[in-house]
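Listed next as structure tokens is one chain, alone, in the form predicted alone.
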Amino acid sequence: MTRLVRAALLQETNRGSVDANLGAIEAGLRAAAAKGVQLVLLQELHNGPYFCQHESVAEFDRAEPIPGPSTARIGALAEELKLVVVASLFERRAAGLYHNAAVVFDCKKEICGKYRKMHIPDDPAFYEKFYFTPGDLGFAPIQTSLGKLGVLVCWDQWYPEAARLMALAGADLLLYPTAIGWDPNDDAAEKSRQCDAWVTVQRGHAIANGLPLLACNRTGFEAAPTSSIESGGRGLQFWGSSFVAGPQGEVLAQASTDNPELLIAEVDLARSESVRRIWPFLRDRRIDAYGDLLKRYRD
């Protein structure tokens, strides 16, 4: 038995404006549809630059409601091209209340599901806690015509708990819109360690849950905003390397580090059944002994 899904990751660079970025997304979606793709994953916060390199109240002007103008445009394309699309937007929920949200369209213009990023980082050049309220929708897969999508966002990808909870809720695959890159001052060895760790931890989530996994990252250099430069910011070199892994962690396809790319791979959702039969991790979990996971730290 097979259950093939032809999936694409649209690895892009910031094109300088919302209209230019959405134009590149439209071109990518049309190219994907022409190649028989059924599911497209976009990168994190694809409408503009990764503005979280600094803290500035002016950046809140980038946020928009969901539904809003971007969801209308992407939804119309999903309906026209008969695609399942996972988009990533800066959501304005109310004045002073904003989220980093992923939105799913199932071959229709209407939104079929939404996820709000749960884990919010606050690190040099990734000052997301200033902008985003932690998600409140939980770890709930989104039902589509292709299966249940376990959509998570960027920093979520380092947490095995997030992937596990999506798997326990019946996700058929895991998807991570992402924006991660190097400090230009990092040396080659440190850059290699960071990117390898990023790929490895996500392959581990695929293995531990017996699920295929898609991770779509940005690419290109984004200069630090002026205020960030004044405080020592040097910009970010997003490392691309978007990839698709199977349920045993096998890498099915991987993009380059430094170029926009439409990465296409065939994913067999039925393989999860056979993999879980030989590696029954869910069966052997000691749920009676995991109470300490609810603690911040076991003193």
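Sequential numbering from 1, following the sequence displayed. Given the structure is predicted, the values throughout are model-derived calculations rather than measurements.
Absent from the display: the form predicted in complex with another copy of the chain. The rest refers to it.
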One stretch from 216-224, 86-94, 153-161, 67-75 that, in the predicted bound form, holds residues within 4.5 Å of another copy of the chain by heavy atom: 153-161
Would you classify residue 114 as touching another copy of the chain in the predicted bound form, given a 4.5 Å non-hydrogen atom cut-off? no
Please check if residue 248 has a heavy atom lying within 4.5 Å of any heavy atom of another copy of the chain in the predicted bound form. yes
So in the predicted bound form, does any heavy atom of residue 168 sit within 4.5 Å of another copy of the chain? yes
Is there a heavy atom of residue 280 lying 4.5 Å or less from a heavy atom of another copy of the chain in the predicted bound form? yes
Please state whether all three residues 135, 190 and 207 have a non-hydrogen atom within 4.5 angstroms of another copy of the chain in the predicted bound form. yes
Taking 4.5 Å between heavy atoms as the contact cutoff, choose which of 125, 146, 118, 142 touches another copy of the chain in the predicted bound form. 118
Give, in sequence order, every residue of 55-76 that has a heavy atom within 4.5 Å of another copy of the chain in the predicted bound form, or say none if there are no such residues. none
